[in-house]
Structure formats: C-alpha cells, structure tokens
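Shown below, as structure tokens, is a lone chain in the form predicted on its own; questions about how it binds or moves come after it.
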Amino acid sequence: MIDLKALAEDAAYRAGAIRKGFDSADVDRLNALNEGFKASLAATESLRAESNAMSKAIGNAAPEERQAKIAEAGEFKTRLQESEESLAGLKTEMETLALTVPNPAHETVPDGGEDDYRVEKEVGEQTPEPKFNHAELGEHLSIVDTKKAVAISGSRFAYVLGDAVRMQFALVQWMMDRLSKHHFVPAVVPVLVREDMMVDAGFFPGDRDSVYELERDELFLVGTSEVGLAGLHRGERLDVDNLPLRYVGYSSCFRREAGTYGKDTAGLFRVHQFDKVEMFVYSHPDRSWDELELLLQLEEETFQQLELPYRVITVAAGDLGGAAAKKYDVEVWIPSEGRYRELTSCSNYTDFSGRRMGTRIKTDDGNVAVHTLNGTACAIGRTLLAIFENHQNADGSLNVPKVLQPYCGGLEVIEPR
C-alpha cells in the first residue's frame, strides 16, 4: 500500500506519483477518501463505545426501566450498523484506488516515457554485424529449434539443445558461485502463486494482462522468481542487525507478452517461457540506495566478464513499473540489429511492496516497512543470444566465453554438427 500520509503531506512524493502517470485528480480523490475514512472510523468507534455502555446499563437497570433501555439500545444498534457499513464501503473504495497508485519516482529519475531514458555509460566496443543473427545461428549450430517448438506450443517457444544447454547451466552455476561471495542465499522458488501474493509483490493490478492465470486452481504463473522471494518473509518483523538479507532465485518464468504482437518473434529474445537468475534484497531504509548500486555493479560485472559490450540507462519516470522508484537497465549490443537491447535491470521498490507484504523492522520511530530491491542476475535466453551474436566467428562457429568454459567441461568452440 502507498504511504497515504506522505501522499497527502509531501509535495515531492505526490509529484513522483504524478510523474509516473497517475492522475492528480485521483490523488485528490484518494486524499479525500482517506480523510472521510478517518472521520467515519472515529465516529464508528464512538458509537461502538456508546453501544457498549448502553449494554452495560441494561444489566444494571431496574426491572421497570429495562424494557425501555433495550428498545433504545436496539435503535442505537441500527445506527451503529449503518455506520459500520458506511465505514466498510469507504475502506474498500479507498483501498481499491490506493492499489492503483504507483510507487513515486525518485527525484533522480528523468521525466518522460520510453524514449526519455538517460544514458549513464557505454562500455566495450560495438561488435560488427555477424554472418548470422542469433536466430539463424541457433539453427545453423543445431542448438535452438523454434520450428518444432511452434508446432507443439505455438509462437514464442523454443527448444534449447546440445551445447547451448551446457552454456545455460554454466551461466546459472557461474552466477550462483559469484553471488555467494556477496552473501546471496540461493533459492528455488514456487512458480505458481495466489493472487494476493501477486498484489503484495507489486505486480497486480498493473501487470495482470501479462500474467498467465490458471483459473480453475486460482493460481498464477510468475514472470520472475522475485514474486516468490518477496513472499519469503511476508508478514514478518525482521531483525535490523541481520539486514540486508540477500537472496538469489532460480526459476522458469512465464509471460503472455501481451501487446507485443509482431515484435521479436524469432529466436530467444521475447518468448513465453524462459529461465532467470534473480537477485532480491531486504534492506534497511537508510541503506537501500547503496544496495541498488551494488546490484548494478554485479550486473555490469556479468557483462564485463562475458566480454559483451553494453550500456547502462536510467529509465524515465513514465516507463517505470508501478513498484519501482528507480530502475537501471543494462542493455547489451546486438550487432545484427545495430542497437542495444535490455538484458537485465535492477530496481529499488523502497517501502512499496514491504508495506503490502507487512514485512517490517523495529526502529526508534516504531515499526517501519523494509525496503525491497530486485535485479536480474542473468536472463538466460537473452544472454545466450547476446553471446551468439558477439562471440560468433566468421565461419559461423561460436566461441564459448572464457569464464564459462570451466563449467562446460572445457568446451571452447561450438561447431556446426
């Protein structure tokens, strides 16, 4: 839940929500609903106290007065019931609207939409266009087969085969080894979750169209292990001395890719089923921005060690998801397209999902929500295709990045079969 007090009293907080596209009129409506709810709550509690006093008075009344007091209490009970119903209605309306308010954008985030990002840095030399694009190379080396996957599952599915599978699990093990040195605890998480967990993690109601639903079972397939990791300490009060708590999750992920008809239909870039290694952090509010920079550093090191040219951008306010106060995208150069494409991102959700999940810490100011952060350690399919394009030889063979070779049994080059 958004911080309603800050939304009403902090001009910068309010402006941050509006910069993400939330209507200022709805901010005013929500503030009015909150004030009405608080007034109705006070009035209802006063009526409850008065009703309790009347009930006690009946027990203490003389026999000749009791019947009149019972009648009076009955009429009063009707007033109380009406007040309680009004309070419940106001609460539902307020909470429904509050769930649509995005986490306000941080002041360092640029204004604008998808094309208004700020480039922070570019690293590495842009690789020239290869003989094969990533989709063609997968077929040429017999390590990706989309045609057979389409035949059994429809568009945006793929078989990953042979040495590409060895590279996939090499990426996973390499990431786990690296992140363990930074005290990330490995986790394999549930990929089917209930609706309330999708709400608490900050994905519903905003991203509902992109999520697969198993209506019969009232479960949803996750698009990231972030959801399961967010639920790991749901409803708990964490020990401040144990923060930050860092986790690295591995899971298969699923996305409907709603609204992307005709985009990236070949290869592994935009598929319905994919695997990811995801970082997730529970942080003290005073240190969450330092944790965000650590996540970015770890993501950059991944591409540096894989020898992939990349750039870092700060996403503009209007292009941020509902939960993120600030997000960095790390985009890798795709030479066949002549442009950078997003492979990983990292975000600070501040207290947005911590509030929804009821995950808190005790401070001198009382119980406060923890800050949560997430970052893609490795989007496996997209990383494979970036390797296909940037490590391809002139004859169409593929060099295995040096850091992955020990995890691939010493494999150095993938040749056509």
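A quick note: this is a predicted structure, and the numbers were derived from the prediction, not measured. Residue numbers here begin at 1 and follow the sequence given. Whichever C-alpha set is largest while still superposing within 1.5 Å between the two forms counts as the rigid core.
Omitted from view is the form predicted together with the RNA, to which the following refers.
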{"item": "Residue 73, heavy atom within 4.5 angstroms of the RNA in the predicted complex", "value": "yes"}
{"item": "Contact flag, residue 48 vs the RNA in the predicted complex, heavy atom cut 4.5 Å", "value": "yes"}
{"item": "4.5 Å heavy atom contact, residue 356 and the RNA in the predicted complex", "value": "no"}
{"item": "Any non-hydrogen atom of residue 194 within 4.5 angstroms of the RNA in the predicted complex", "value": "yes"}
{"item": "Location of the RNA contact in the predicted complex, chosen stretch of 176-184, 73-81, 308-316, 277-285 [non-hydrogen atom, 4.5 Å]", "value": "73-81"}
{"item": "Contact residue in the predicted complex, from 237, 256, 166, 131 (heavy atom within 4.5 Å of the RNA)", "value": "237"}
{"item": "Residue shift check between the shown form and the other one, rigid core fit, residue 55 Cα at least 2 Å", "value": "yes"}
